[in-house]
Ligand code: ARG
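Next up: just one chain, as structure tokens, the form predicted alone.
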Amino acid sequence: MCEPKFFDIEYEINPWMHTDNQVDTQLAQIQWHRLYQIYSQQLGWKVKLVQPVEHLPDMVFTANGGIVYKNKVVLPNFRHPDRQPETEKFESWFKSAGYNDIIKPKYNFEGEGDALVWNDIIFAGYPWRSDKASHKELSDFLGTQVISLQLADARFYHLDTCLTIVDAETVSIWPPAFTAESVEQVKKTVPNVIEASEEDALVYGLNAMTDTKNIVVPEGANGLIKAYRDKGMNVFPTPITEFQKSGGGVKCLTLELR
């Protein structure tokens, strides 16, 4: 994670971001620290921090800082120049943390924002922020199957805004965020697919973090919260309103170190 010390909206690179709808920075700090406390205190997850950098406000969205799989790291190759300086900051952090097997893809790729691990498969999104061509780079370097999913709604510009890995047999999706072919691909691959409502999708309910027994979701995703509780999961709703102003949520604020 990365503390939102310098988090605000300095530019507009997705449909949620508007420089005239600025972040309440104090509330953002409160919301981020609440998420941090859920992870570290209530769930007992070990959280490591990367240092925030002035004028790199979106470093707070560490999910875009890469993908870690079997101790290998694929760094981001950001599409937008505003975010490109983040890559070297994340690379330095990974090296200092002892990761040595690291690549930066040739094609645009935005880390776990567009690549989610389900068992030994990686679902990878395109085309808004990551290039489909980067998926072969992922597969070749990480040595695992990558399934490409085409996104169809610019509001859901990263895969992690419209697909949640729930457990070894379950994912959640909002089908209208995908092409029909990609929805069918998910259903053909995953035994149990929970379909979220538009209401839940629009409060970023699919931007969630789980260890398969516990799941942290944005407040207001009431249909998904009920579905997860019906599955017997422990559900931790938390507010992310200030981060959604910038197009981010629970998962965006979290990079999983495998």
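As the structure is a prediction and not an experimental result, all values here were calculated from the model. One rule holds for the numbers: they count along the sequence shown, beginning at 1.
Missing here is the form predicted in complex with the named molecule; even so, the following discussion is about that form.
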TODO: Mark residue 235 yes when one of its heavy atoms lies within 4.5 Å of a heavy atom of the named molecule in the model of the complex, and no otherwise.
DONE: no
Open item on the list: When the contact criterion is heavy atoms within 4.5 Å, does residue 157 count as touching the named molecule in the model of the complex?
Closed with: yes
Task: Distance check, residue 130 to the named molecule in the model of the complex, heavy atom within 4.5 Å - done: no
Task: 4.5 Å heavy atom contact, residue 72 to the named molecule in the model of the complex - done: no
Task: Stretch from 54 to 62, 226 to 234, 195 to 203, 39 to 47 whose residues place a heavy atom within 4.5 Å of the named molecule in the model of the complex - done: 54 to 62
Task: Output flag, 83, 113 and 161 jointly within 4.5 Å of the named molecule in the model of the complex, heavy atom basis - done: yes
Task: Sequence-ordered list of residues in 234 to 254 near the named molecule in the model of the complex, where near means a heavy atom within 4.5 Å - done: 246, 247, 248, 252
